[in-house]
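Consider the single chain below, provided in structure tokens and representing the form predicted alone.
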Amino acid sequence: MVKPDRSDTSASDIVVELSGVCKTFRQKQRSERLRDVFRNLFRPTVREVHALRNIDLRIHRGEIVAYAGPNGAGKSTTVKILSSLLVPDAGTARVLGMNTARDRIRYVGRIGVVFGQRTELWWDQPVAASFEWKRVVWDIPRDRYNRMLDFVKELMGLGEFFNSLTRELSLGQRMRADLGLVLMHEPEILFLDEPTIGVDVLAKRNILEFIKDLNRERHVTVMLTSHDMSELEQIAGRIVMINRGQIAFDGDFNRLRREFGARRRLLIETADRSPPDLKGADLIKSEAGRHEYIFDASQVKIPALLEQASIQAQILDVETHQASIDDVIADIYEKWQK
């Protein structure tokens, strides 16, 4: 893997540094056979899952970094180590100059963490009660608390449901409240694990705009995971991809497309309803004389495809499109599985 050029950035701007980080989980395997019941109890088979293998990663102050990979690749394990919820088996994890394991108490006061499938809000209490709880437990001075509360209320639009019970909120409202709550102690870096999971299109857009505004206005460093690649491309300048516990790509989205995104779509409209048979392109849809193909631009050129089509049918219109980032990522994941 070719590493991004960071030579123009001083070491003092590095806020996240993982060096040789490894994490292995041990899972007990139990046989379903009745005769193995005692072996299951006293000598179970143990399977080792190498979640992270010698991870080296640096994130610089003010970056928004997307962290992506297929299920089980090691994304959440990385976030949990950076959040001080897990300790690496080997290597070191340093954030804001502190060791995430040894300096945990001092460290967690300077970061913010949101897991999309969990909430810090009190379920049967108003949202306001959760915010007041954080003020007291985190010992946030009243003037600082009021200033940040005004800021997050305006930025996240919390006023409309701030006094509503958490259990009565929509998923989008809850996520906005969780993001607002995590900002009350003014963290310098945010770790967001699937922050838009399950929310509708409008709520997703609002959350993404909030993250961008926060980064722009307060220079908060953000690392986020998501399975929605178009979402990550909208917000992040850099994408780090992990596969089977190892960093497989680190660069910007343009470079990702150049290296892996040769697939393109070709739409041909013909006078005949039957689709032309194009060597080097796969037909994926045909309806009322409009035929959509997908092809690898590194292997076959558009003029060659059009020449084939013109021999077989009268061409009325042609369109070509770059593959979506989701298609690019799907192709990458498929190659990794082979």
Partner chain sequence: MDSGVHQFKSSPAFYLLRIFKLWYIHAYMDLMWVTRDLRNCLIYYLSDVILNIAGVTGTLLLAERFEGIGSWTKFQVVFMLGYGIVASGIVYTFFGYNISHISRRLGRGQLDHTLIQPQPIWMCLLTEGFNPFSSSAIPISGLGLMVWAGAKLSLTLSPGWLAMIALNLVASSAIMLSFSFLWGSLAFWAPRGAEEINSSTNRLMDGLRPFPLDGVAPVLLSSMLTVFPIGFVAWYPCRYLLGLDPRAWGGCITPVAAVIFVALTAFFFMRGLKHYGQTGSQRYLSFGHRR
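Positions refer to the first chain, counted from 1. Treat the numbers as computed from the prediction; the structure is a model and nothing was measured.
What comes next is about the form predicted together with its partner chain, which is not displayed.
- Contact annotation: of the candidates R144, R205, R104, R265, the single residue with a non-hydrogen atom within 4.5 angstroms of its partner chain in the predicted complex is R104.
- Contact with its partner chain in the predicted complex, defined as a heavy atom within 4.5 Å, holds for exactly one of L85, L169, A248, M148, namely L85.
- Contact annotation: G97 falls outside 4.5 Å of its partner chain in the predicted complex, judged by heavy atom distances.
- Contact check for W122: a non-hydrogen atom falls within 4.5 Å of its partner chain in the predicted complex.
- At least one heavy atom of R118 is located within 4.5 Å of its partner chain in the predicted complex.
- Remark: V201 does not count among the residues lining its partner chain in the predicted complex, judged by a heavy atom distance of 4.5 Å or less.
- Heavy atoms within 4.5 Å of its partner chain in the predicted complex are found in one stretch of 248-256, 233-241, 125-133, 151-159, which is 125-133.
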